[in-house]
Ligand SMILES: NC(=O)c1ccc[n+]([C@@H]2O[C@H](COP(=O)([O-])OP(=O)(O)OC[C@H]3O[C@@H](n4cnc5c(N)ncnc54)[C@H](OP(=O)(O)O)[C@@H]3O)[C@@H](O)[C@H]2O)c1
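In the form predicted alone, a lone chain appears below as structure tokens.
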């Protein structure tokens, strides 16, 4: 018998739109293999809330955004603040794919907390709630006997969180290196090929790969957010995002790129974590890497991570992700895992 999972979408941007398309394509397969059907009973965007207990048609929501529409144009729109959605509909699951907002106590974080308090499971593609309140959200979920999943927050479809938490059980991290932001990696490659940063950013935004605010990509903030989530998920790190030394690629120029190439290296925005003298040293900054190394092989829209642990020695993995499909697919795998 197929279980109906009443679902609320927070945000109707690229990730949730692509999620809806995947749900259309995979609806029958999800029902057959997992005995699940996801009924969208609530949607939230910057204009407000819409609730339909019988469920929204997936394609209707896609069409709404394709036509530049907003939730407040729907006939089931409720004139309430977005953070009130948890009090307006009965649901089992919320998907947060809203834009990153790192302001403390922002409405999105309040909404996630409200959903957990209501006993809803929460899947996060949005990194901000974890960066702002990682421990608090996990404690709240434990208290209310619900669960969080957030594999989509780190490197999109690359199962970094799943591998670290599930497959490297009992291992202790010694150090890691990673290229966690495909947009900045694409920008650096475009500079290598003689293009400009502005051209690369416009292309990244056109295909929906760049963050809503591209400064998050270029400044290193998005990479730092991902490094923080990894460290909180897999180590004893008890610091904050402010403990990560951060430098972006905004000031990288063609001369630096050429100098790196002449030395047999490539300039990459590298996240790194080292454990020295009982303390974690974390950084995000442009750094030359050997062109023939694993990090050097991560080009353009590729992201990758290399981890060294006490039990599994060295493990490397990377993916190619030039649009939101991988991230949306990661959201779906979390939805299925939490709903079974």
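Treat the numbers as computed from the prediction; the structure is a model and nothing was measured. Numbering follows the first chain given and starts at 1.
We do not show the form predicted together with this ligand, though everything after this point is about it.
Participant: Find out whether any non-hydrogen atom of residue 125 is located within 4.5 angstroms of this ligand in the predicted complex, and reply yes or no.
Facilitator: Residue 125: contacts this ligand in the predicted complex.
Participant: Can you work out whether residue 223 and this ligand are in contact in the predicted complex, taking contact to mean some heavy atom pair no more than 4.5 Å apart?
Facilitator: Judged by the heavy-atom cut-off of 4.5 Å, residue 223 is well away from this ligand in the predicted complex.
Participant: In the predicted complex, is there a heavy atom of this ligand that lies within 4.5 Å of any heavy atom of residue 214, even though the partner is absent here?
Facilitator: So residue 214 does not count as contacting this ligand.
Participant: Within a 4.5 Å heavy atom cut-off, is residue 98 in contact with this ligand in the predicted complex?
Facilitator: Residue-level check for residue 98: yes, a contact with this ligand.
Participant: Please pick, from 293, 309, 46, 283, the one residue with any non-hydrogen atom lying within 4.5 angstroms of this ligand in the predicted complex.
Facilitator: Answer to the contact question: 46.
Participant: Would this ligand in the predicted complex be within 4.5 angstroms of a non-hydrogen atom of every residue among 161, 229 and 239?
Facilitator: Result no, not one residue of the spot touches this ligand.
Participant: Partner absent here, but in the predicted complex, which of 310-318, 22-30, 273-281, 64-72 has residues with a heavy atom within 4.5 Å of this ligand?
Facilitator: Result of the contact check: 64-72.
Participant: For 78-93: residues with a non-hydrogen atom within 4.5 angstroms of this ligand in the predicted complex?
Facilitator: Sequence-ordered list has one entry, 82.
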